[in-house]
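Only one chain is shown below, in structure tokens, and it's the form predicted on its own.
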């Protein structure tokens, strides 16, 4: 299927385009990770190149976001050099009706949480398959762990009722290593009843850097859908 024919790709492009349209000149923008956010980064770059935007600086949440931003001509900055982030755009693996999220399918959730939580306004870009009635029902919860603590953290997560699995690399022997040099445990729960409390409990386990629960961080969710072969976007 070509890009023109693939409605899912068109829908992701449209969500990314609408998020990119919200970026204003003279702002600092958090640049998220993932396929839909990648289109937002592309369209921000195109708006800069066309002269629609000026004096933008991006704060990337991952190596992937950094590479894309450079490719599309978006100047980058670091958290050491700025006082605030005006707008962050990022994806999610699950979104519940309260706009709480599970993130970390791309193993970048720790940096994403730092950037997204610092932003004055955080827009989540997803397709409708990511909407769930309760977090943890379709996607395991990623937990970033220091390598030396994988075994005790695994035992602690089992005690919390989770089923942790070390995330293994694809086309690479051994585990996935994050941009910070740590490992990821993907923890399956049969639904998460209290995301706020579980987020804190897991982060209090010694050796855990952060987990993929984002509670009360999102300000807006843009949902892409394909209806009758047409790409549409709605706000949650």
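The structure presented is a predicted model; accordingly, all values stated were derived computationally and were not measured. Positions refer to the first chain, counted from 1.
Not pictured, yet referred to below: the form predicted together with a small molecule.
Asks: Under a 4.5 Å heavy atom criterion, is residue 92 part of the interface with the small molecule in the predicted complex?
Replies: Yes, residue 92 sits close enough to the small molecule in the predicted complex that at least one of its heavy atoms falls within 4.5 Å.
Asks: I'd like to know if residue 27 sits close to the small molecule in the predicted complex, meaning any non-hydrogen atom pair within 4.5 angstroms.
Replies: Close contact is absent here: in the predicted complex, residue 27 is far from the small molecule, nothing within 4.5 Å, heavy atoms only.
Asks: I'd like to know if residue 107 sits close to the small molecule in the predicted complex, meaning any non-hydrogen atom pair within 4.5 angstroms.
Replies: Within the cut-off, so yes.
Asks: Please run the contact check for residue 35 against the small molecule in the predicted complex: heavy atoms, 4.5 angstroms, yes or no?
Replies: Output for residue 35 is yes: heavy atoms within 4.5 Å of the small molecule.
Asks: Within 4.5 angstroms, counting heavy atoms, which one of the listed stretches 145-153, 109-117, 158-166, 75-83 is next to the small molecule in the predicted complex?
Replies: In the other structure, the partner sits against 109-117.
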